[in-house]
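Next comes just one chain, in structure tokens: the form predicted on its own.
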Amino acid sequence: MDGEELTEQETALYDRQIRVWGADAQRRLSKAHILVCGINGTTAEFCKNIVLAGVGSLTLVDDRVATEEALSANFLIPSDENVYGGKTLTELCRDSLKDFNPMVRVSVEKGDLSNFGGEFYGNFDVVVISCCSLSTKKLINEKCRKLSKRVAFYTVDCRDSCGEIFVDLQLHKFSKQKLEETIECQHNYPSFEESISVPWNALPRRMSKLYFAMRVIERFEEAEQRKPGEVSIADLPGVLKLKNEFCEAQSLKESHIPDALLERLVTDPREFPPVCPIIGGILGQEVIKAISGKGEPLKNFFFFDVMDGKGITEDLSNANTGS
């Protein structure tokens, strides 16, 4: 992401941001290329944040046609059916995002992200995926890791009033302030598959219950060949059965995954709109830190549940690699 200096127009437009994180960080942002696969309320908030921050380009992938249901959480979609009718989510979001910052190139790519080759993902510095299956998360993360360049990889999911972010920056170097001193640091991240493969009984005793619940529902959707979020209260008996099987196999007490939490997540798997700007805002902040190399990024899972109002970071790389 090294390259040309900021133009006079960029310097004038991003003057306030430059005062916060410096011209070098803004230059890195302005040269960064971001890919977002899967459009929902959370990724819409994220896209808005990074477009306003002044990234170089943003590419959107999601061939789904916009529906009235999508309006509840995605503020980028016009409410007039005459406007959104027959158009894809990406086309509508692209048009809205261009109005936020005309200096950012926003484009749409059509196709199934699972079928894109590694060279496609190599065009980007950051890949963010949502609304996709467990196997797709593993596949895209692995494609990014096989590239000769380092590509920052994120997954983000929001179900009901709960949210999860996963981060894989591979070997990431960054600087952070400690009192008056700038310290150079680095983190080594495991892949998504490595992270979720850590035995449950090897995880910290106070591990977020949301981590376990999200894994159970992912596995249920995959086993039943459902699309992400394609569950309902009618599936609760099957989800609870799978939970019990996992707990027995992993030597984990069933109380670590409360039935009430799973019931919330399957009763209404749609996003709770007020949670979207929280999760999307944190994701935007993390991507900016990863691009700029300034500030310590989270490692490697983040969870939020509106019921307790807390955000929790869990580092599964310690359990997995001892790093």
Partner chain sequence: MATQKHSPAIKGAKVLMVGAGGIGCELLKTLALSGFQDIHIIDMDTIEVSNLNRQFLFRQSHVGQSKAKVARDAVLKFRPHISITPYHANVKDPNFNVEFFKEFNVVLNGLDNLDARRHVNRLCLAADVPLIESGTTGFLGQVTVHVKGRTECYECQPKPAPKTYPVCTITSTPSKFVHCIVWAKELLFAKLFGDKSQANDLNVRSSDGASSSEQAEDVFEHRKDEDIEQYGRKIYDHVFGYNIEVALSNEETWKNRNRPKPIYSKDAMPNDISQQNGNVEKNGATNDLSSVSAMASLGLKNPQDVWSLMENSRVFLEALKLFFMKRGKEIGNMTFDKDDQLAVEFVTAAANIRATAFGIPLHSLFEAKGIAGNIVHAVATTNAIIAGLIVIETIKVLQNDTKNYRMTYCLEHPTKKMLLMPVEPFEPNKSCYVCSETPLSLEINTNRAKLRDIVEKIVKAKLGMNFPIIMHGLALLYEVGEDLDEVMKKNYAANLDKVLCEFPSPVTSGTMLSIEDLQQELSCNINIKHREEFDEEKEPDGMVLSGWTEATSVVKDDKKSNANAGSTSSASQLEAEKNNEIESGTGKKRKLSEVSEAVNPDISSVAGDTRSQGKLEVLDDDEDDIFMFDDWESATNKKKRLQ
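Just so it is clear, the model here is predicted, and its values are computed rather than measured. Numbering follows the first chain given and starts at 1. Superpose the two forms; the largest set of C-alphas matching within 1.5 Å is the rigid core.
Same protein, other form: the form predicted together with the partner chain, not shown, and the subject of what follows.
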Handout entry: Contact stretch among 112-120, 232-240, 130-138, 175-183 - heavy atom within 4.5 Å of the partner chain in the model of the complex
Key = 175-183
Problem - Distance check, Val108 to the partner chain in the model of the complex, heavy atom within 4.5 Å - result: no
Practice task
Indicate whether Glu45 is a 4.5 Å heavy atom neighbour of the partner chain in the model of the complex.
Solution key: yes
Practice task
Indicate whether Pro277 is a 4.5 Å heavy atom neighbour of the partner chain in the model of the complex.
Solution key: yes
Handout entry: Leu71 within 4.5 Å of the partner chain in the model of the complex, heavy atoms
Key = yes
Fill in the blank from the handout: Residues in 15-33 that come within 4.5 Å of the partner chain in the model of the complex by at least one heavy atom, in order, are Asp15, Arg16, Gln17, Ile18, Arg19, Val20, Trp21, Gly22, Ala23
Practice task
Could you tell me whether the Cα atom of Ala25 shifts by at least 2 Å between the shown form and the other one after core superposition?
Solution key: no
Practice task
Using a superposition on the rigid core, decide whether the Cα position of Ala12 changes by 2 angstroms or more between the shown form and the other one.
Solution key: yes
